[in-house]
Each structure stands twice: as C-alpha cells, then as structure tokens.
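First, one chain by itself: the form predicted alone, in structure tokens.
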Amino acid sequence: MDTVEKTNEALKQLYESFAYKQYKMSKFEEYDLYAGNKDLLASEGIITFTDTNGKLMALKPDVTLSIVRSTKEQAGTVSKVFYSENVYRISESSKTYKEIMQTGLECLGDLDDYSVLEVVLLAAKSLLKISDKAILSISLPSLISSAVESLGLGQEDSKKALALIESKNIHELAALTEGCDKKAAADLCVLAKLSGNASDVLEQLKELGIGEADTRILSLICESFYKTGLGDILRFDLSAECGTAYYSGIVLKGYIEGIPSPVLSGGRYDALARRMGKKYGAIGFALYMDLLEAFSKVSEPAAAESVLLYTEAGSAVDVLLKANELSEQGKRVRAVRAVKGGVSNV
C-alpha cells in the first residue's frame, strides 16, 4: 500500500469515528452544474464530452458542488459526509490535466458552533495523519471586509484595499486610506498585519476592541484546540483570502513541512449553498492528494545507523562486503566517499 492509500485509509477511519458517511459519485456530471460556477472551481479547465443522448457532460473537476446539489434541506438536521474521489483538473504541480485524488468532508444543514469546531478539529487531525510538522492557518474574511466597508471607500478602492491587505502591502494600504477616518484606517492597517500564534492574535484583537461578534468563533476554536492539545499547530492570519467570493465565514489552509503550497483548503461556504438554492449552512475542506504524492516521492531517505567512510584508494569490494555485512545484521548503512576537504554528495 503506497503513501496516499495509507493516508486515505487513516482519514477514512478518522472521519467515520465522528459519524461521517462516505459519499460516492459518478466520474462525470452534466456540464451545466459547473458552467454556472466556474468562478468557484479550483481550476479553470473542464474536460467535456457529448453523451449519446446529446447532453454535454463533464469529467468532474469538483466534488463539493455535487454534494451541495444532492443534499436536501431538512430543518434541525445536519448531513455529514466524507469522500475520496478522483477529480479531473489542471494539477498545481504539473500544470497539465491530471486525474487527481481528492479527499475531504462536508458538513451541511442546521449548523451550530459544535459543527464548526468539529470540522476545524478534523482538518487539524487530517494534517497530522500526513505529518507531525503541520500548520492549520485560519482567516476570517468577513472581519476584514467589514473593516474596509466602514471606511466608506468606493467600489474600486475597496477592491484595491482588499488586494493590498491580502498581499500584506501595508504601506500602500495606508496611502489609499489616508483620507478616511484616522482611527478606522489605523485599525485596518493593524488588522492587515495580524498573523501568527492564535492566542496572541486574539489578544491583539481584544486590545483593538473591534469585531467581537465576528471573532467569537475564533475564540472558541482557540479554546478547543488548546484544551485538546493541538494549540501548537494553530495559526490565525486575518489578511489571507480576504477577497474570496467562495467563503462566507472562516477559511482554512493546511500546510505540512516540505510542501510550499497548501495541502488542505476549506472553510464556511453558506454563500455557495445559497447560490445553489439551498438555505442551510455549509462547511468543509479538501486535501489535495497529488501534492502529497509528489511530497512522498522526494521525502528524505531513512536515517542510517552506520556510515562507512571510504577513499578512492580503498577497495570498493571491501566496502561493499562490509556494507552487506551490516545490512544482513538488520542495520541501515550508508557508504560515503571521502574527498579532500570533506565527503562527497551521495
């Protein structure tokens, strides 16, 4: 069983332990499902074909849209599903069309605080199934958007402000908001810089005295993580994803050491559900297994218990015999050629 398969099996057990049911879908859906929501897809390219009945079909580039469409509205209920499905899109790593394994979960329905905390906890635990060197970063676009709106900027300048905040360009942000209320503009510049340890960010928000209603969920997340022993991997970055149209609440990004791009992405997306005619709340995340597969191929080799140093003048046969002897004793051995000034790259 390879790394991705092992990870998927571990994730399946994790999600089932919290009473999530597996969701399965066809390889393709009617193109109309994606055509009206292209701005919400991770990749612009959609592979299409015409079915024998004349309908335009698409190899699925996304799973969430299908889940939202198929989940019925029932007052007072919550639907919890997880999936491990192949999607067909342009890969971040190769920039070509790929069949990509995507694993994730969705929680839809009459959501409460517990529903949100559960999904965020499972996002963190999912990262730790991949690596113990993981970070879960959470942002809150609504807080930044409200702060920008309070300045009374025009539509274009508001868009510029959000872009500057997302790029952490505080100097140009200050110049753009120079004519606005001084305290509101100064608070926005502080918000744009808030990033780091979750408890530290919360303390700074309390000192500012703004966004108490918005940040209540951040306080609950922080409390639950520290009480479950996961506080060390939690980060708050208020400037991230502030211009997104997909998410209407918290936004999740998960990272593991050795991969520069997020391996996990998700958040609260009630707005997408509304767009598809649903009145319920929705939150979830996805893990991009193609990045994990690429990571596993370049992982460091197992550490050696024995290192054999040899020179060019020595006998290669003798070195090989010694290496073989140590290997047969059950030890990990690495032979390294000594050169002038150090050792060779092996």
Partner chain sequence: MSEVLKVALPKGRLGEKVYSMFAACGYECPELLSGSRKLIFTNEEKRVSYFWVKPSDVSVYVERGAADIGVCGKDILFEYEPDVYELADLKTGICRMAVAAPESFTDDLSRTLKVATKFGHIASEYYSDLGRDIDIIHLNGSIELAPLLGLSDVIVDIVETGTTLRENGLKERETIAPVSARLISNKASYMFKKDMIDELAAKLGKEASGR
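Because the structure is a prediction, the values reported are computed rather than measured. Positions refer to the first chain, counted from 1.
This protein has a second form, the form predicted together with the partner chain, left out of what is shown; the following refers to that one.
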{"item": "Proximity to the partner chain in the model of the complex (heavy atom, within 4.5 Å), stretch among 81-89, 103-111, 266-274, 167-175", "value": "167-175"}
{"item": "Residue among Gly209, Gly152, Gly229, Gly196 with a heavy atom within 4.5 Å of the partner chain in the model of the complex", "value": "Gly196"}
{"item": "The single option of Glu99, Asp181, Glu257, Glu203 touching the partner chain in the model of the complex, heavy atom within 4.5 Å", "value": "Glu257"}
{"item": "Touches the partner chain in the model of the complex: Ala134 (any heavy atom, 4.5 Å)", "value": "yes"}
{"item": "Contact test in the model of the complex: Glu223 vs the partner chain, heavy atoms, 4.5 Å", "value": "no"}
{"item": "Close approach of Glu73 to the partner chain in the model of the complex, 4.5 Å, heavy atom", "value": "no"}
{"item": "The partner chain contact in the model of the complex: Asp237, any heavy atom under 4.5 Å", "value": "yes"}
